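Next up: just one chain, as structure tokens, the form predicted on its own.
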């Protein structure tokens, strides 16, 4: 088991290094892309461009610039923005992480509980009206775009259709849990629900289908022949095996959302998270911030994949030999 974990961690380091090199060369070595021209502004003369290139080490060879940026980002932690002169990148990222983590963790709890509960309910009610009803609602949840649903929620709770029933809803934005736990909860309640609707629909469908597949396996038929009750088969065998798929799916979804894929939810509800920071830096072509947010996103995606692999190895020892 220890050797398996070491292999996965080594692969994680290799993947992150490869991503950092690829992203760096995309933004700094692509023909026609000149960061100095964006920094200096429009109509900058050649002397100004030369000064900017020298100031930001853009006149150095690419390998030197890559190593220098990685050192400033991970070792010295003093990498500065190209747009906001003197503003350090790490503090900007550190301020955005709690908002994104709060959004994703709260939504993940909701969609996991709803997905598992309704997925099991649908699978156990195959021949009744409950199964098609839950399946239909799951499809509706999957089909609703997050940004559209978020705008409808804002329309009802914040804007034209606002009624006295929603006077308790605070303005759009984010309040840290350490500043005011109750306001933190209120500000994130509707963003949680909006983001959870999409993923709950996915998890309901996936878990329901996985349970139905497992219920048709030979060893399930053997359990029935031994006299095991349907409830015991459903919970002890079918659901337990089906949850392995949910673990894998959750690891990928959670890592991606924490890494910035919750951008649309953050934008709609005015949450200054990692996704919003990445979007703004892309708009301004602020390469150091882009590099930091991409590496942060890549770390969470790769890390959650590694965690899922380790959990698989714990649940199924055969995986350790792969």
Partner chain sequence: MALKDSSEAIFSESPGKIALRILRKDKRSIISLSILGVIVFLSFMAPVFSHFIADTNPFESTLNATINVHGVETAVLQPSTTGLGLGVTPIGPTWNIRSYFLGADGQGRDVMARLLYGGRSTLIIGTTAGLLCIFFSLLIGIVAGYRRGWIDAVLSRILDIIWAFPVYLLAISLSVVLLTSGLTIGFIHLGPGSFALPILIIGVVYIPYVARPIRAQVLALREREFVRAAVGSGAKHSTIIFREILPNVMPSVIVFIPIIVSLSMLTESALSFLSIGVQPPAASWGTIINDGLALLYTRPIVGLAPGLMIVFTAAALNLYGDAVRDALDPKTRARGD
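None of these values were measured; they are calculated from a predicted model. If you superpose the two forms and keep the largest set of C-alpha atoms that fall within 1.5 Å, you have the rigid core. Residue numbers count along the first chain shown, from 1.
A second form of this protein, the form predicted in complex with its partner chain, is not displayed here; the remarks below concern that form.
Although the partner is absent here, residue 237 sits far enough away that none of its heavy atoms falls within 4.5 Å of its partner chain in the predicted complex. Contact annotation for residue 297: at least one heavy atom lies within 4.5 Å of its partner chain in the predicted complex. Residue contact with its partner chain in the predicted complex: residue 261 places a heavy atom within 4.5 Å of it. The closest non-hydrogen atom of residue 124 lies beyond 4.5 Å of its partner chain in the predicted complex. Here is the short version: of 145, 227, 91, 86, the single residue with a heavy atom within 4.5 Å of its partner chain in the predicted complex is 145. With the partner omitted here, the residue from 105, 177, 155, 189 that has a non-hydrogen atom within 4.5 angstroms of its partner chain in the predicted complex is 155.
Interface residues of 7 to 22, taken as those with a heavy atom within 4.5 Å of its partner chain in the predicted complex (partner not displayed): 14, 15, 18, 19, 22, in sequence order. In the core-superposed comparison between this form and the one not shown, the C-alpha atom of residue 128 has shifted by at least 2 angstroms.
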